[in-house]
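Shown next as structure tokens: one chain only, the form predicted on its own.
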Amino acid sequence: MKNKYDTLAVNTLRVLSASMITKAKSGHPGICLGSAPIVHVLFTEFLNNYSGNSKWPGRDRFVLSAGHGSALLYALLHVSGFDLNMEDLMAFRQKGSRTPGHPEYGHTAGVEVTTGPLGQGLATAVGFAMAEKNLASRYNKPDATLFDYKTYVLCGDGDLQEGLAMEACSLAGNFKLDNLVVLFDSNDIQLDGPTYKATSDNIKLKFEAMNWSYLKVEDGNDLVAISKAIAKANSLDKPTIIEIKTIIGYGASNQGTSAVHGKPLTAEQLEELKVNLDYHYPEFTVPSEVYDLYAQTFGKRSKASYDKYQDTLQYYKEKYPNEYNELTILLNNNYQAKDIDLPIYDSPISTRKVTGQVLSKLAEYYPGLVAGSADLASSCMIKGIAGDFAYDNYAGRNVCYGVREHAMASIVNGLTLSGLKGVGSGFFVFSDYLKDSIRLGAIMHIPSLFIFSHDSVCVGEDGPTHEPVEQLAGLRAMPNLNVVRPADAKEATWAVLGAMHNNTYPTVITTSRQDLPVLAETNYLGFIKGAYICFEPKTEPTHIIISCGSDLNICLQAAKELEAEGVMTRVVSMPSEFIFRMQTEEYKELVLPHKITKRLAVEMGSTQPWYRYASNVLGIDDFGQSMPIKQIYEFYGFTTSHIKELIEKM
């Protein structure tokens, strides 16, 4: 330890976090006790993140990737002056508290990202680091630096065992993100026992092979060594991982064992911990010396950094007003609908081509838009502008993610959390690889955008491994996620525009591989309500067909033929069931009146979601098959004749 006050501060963090967990009878004391010295050094000596305004763009980011150590983070934020009082700490993991079991973005001041699923925090942090490089290269001036922040990550053995983390770290090394420092709490223990049972990786060689710098601290209680390692990492020209050897549950009677990972200390064990740490203060008490230490180090340094940023920003505003205005809109995602010269379509075209063309055009107007693909830009048609993001072109707004779907999605979340508009793309069937990241975006209420092409069995010859069936149902079941399946070029255009102007939820747009006709019946005012009447027979309807995407056109043809035969059938386009559920009961009744009970839902996918709206569903509840696309419609019954037959049987 550096001096008695540092020792006192570290042990305060340990006892305070352990007390929170014991009181809650739930939590993970192991990492809190072992990693307290690491975060103490980081906050008192390096991190700039002013507690008076925890959202200022120039701040350093601290990401607790090992989110199960949340009690340590909350204790740290409390002593650092963030808006967490002692009552909040005492309410750890309780109903309605500001200290939930895992850190939640937007819920607790100072929490940069929702973490918990291991690897997610580290992968999202790569997005933070990429955003800083992109913003700095585009907006910093020789006489005005707005972006030069660092992103620090605390992770454990479990994080580095996740494939997601390795995908993201591989990208970070390729991009030479020297503004990223990973603090690896290396204690050789995980929940099921010693790590050697599951891994024998050489972390040094593994990360150096990914173009990272590697440093090691042999004693996790050596504050001087930790400080020197972080200082050195900040001077290197690559991302750096610092392996810090710690003892899980340090100071507890069961330290060094997996038993202390996720099991609260008993009251007796908590008292033993205090004795072992020579810590003699009342429960849930922080010594004044600790508050003073953090105020004089973290608080004073961060306030000076924040004030300097504000002065620079004012100077920037006066000297570079155009860039300032653009940056203000970008960082607030305050894009307003404007008169944009978007493509107009009048002949059949796949919606994947449309979304790509519209997105490229919007990128010219919306400087925050940074798009990329999981090695499928030529198939998904999604590509950013201004060149590829790379260590020699950080201003590039197209990201070549390689075949790393999961890392792509987490990085998209990181870009979006940083004020950019992150967009990721791939084949829809592979959305399963990144569903967890989409879910976290939905939990955080951030407007990340994911565009997936090849959205049905019409992929054709590639067969069941590439033909999505259950993916639409799974994603539609996710709270706070807008899943949009446009039926033609017009709806595809409106889908991208809607995603750009939304601020409170992620959007998934699925697009067709095959060309689709541009439908006279689709209309904007209906589309923005999620579902609308796109065909009404000449007399009062007795039947309703509900559909979306590439299947809508077949339903329209069937309804028109049915009308000619005297069966009055309304067709409802439902591109977004999520948005439709937000509408008034009056509007929903207008579109789908209860009195019309003879309803058929039609979609080339799982039938399950549609029974909310129709008692009869034409869908696919089996995996697809490999065959030419011309045979698919007939094979699965997606023909006008079959739809008419189903309606007539009602």
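Computed from a predicted structure; not experimentally measured. One rule holds for the numbers: they count along the sequence shown, beginning at 1.
Another form exists, predicted in complex with a small molecule; not displayed. Remarks below refer to it.
The single contact residue among 572, 265, 118, 459, judged by any heavy atom lying within 4.5 Å of the small molecule in the predicted complex, is 118. The single contact residue among 31, 63, 39, 602, judged by any heavy atom lying within 4.5 Å of the small molecule in the predicted complex, is 31. Although the partner is absent here, residue 340 lies well away from the small molecule in the predicted complex, with no heavy atom inside 4.5 Å.
Residue contact with the small molecule in the predicted complex: residue 68 places a heavy atom within 4.5 Å of it.
For residue 272, no non-hydrogen atom is located within 4.5 Å of the small molecule in the predicted complex, even though that partner is not displayed.
Although the partner is absent here, residue 159 is a contact residue: one of its heavy atoms lies within 4.5 angstroms of the small molecule in the predicted complex. Look at 110 to 118, 308 to 316, 172 to 180, 448 to 456: in the predicted complex, residues with non-hydrogen atoms within 4.5 angstroms of the small molecule sit in 110 to 118.
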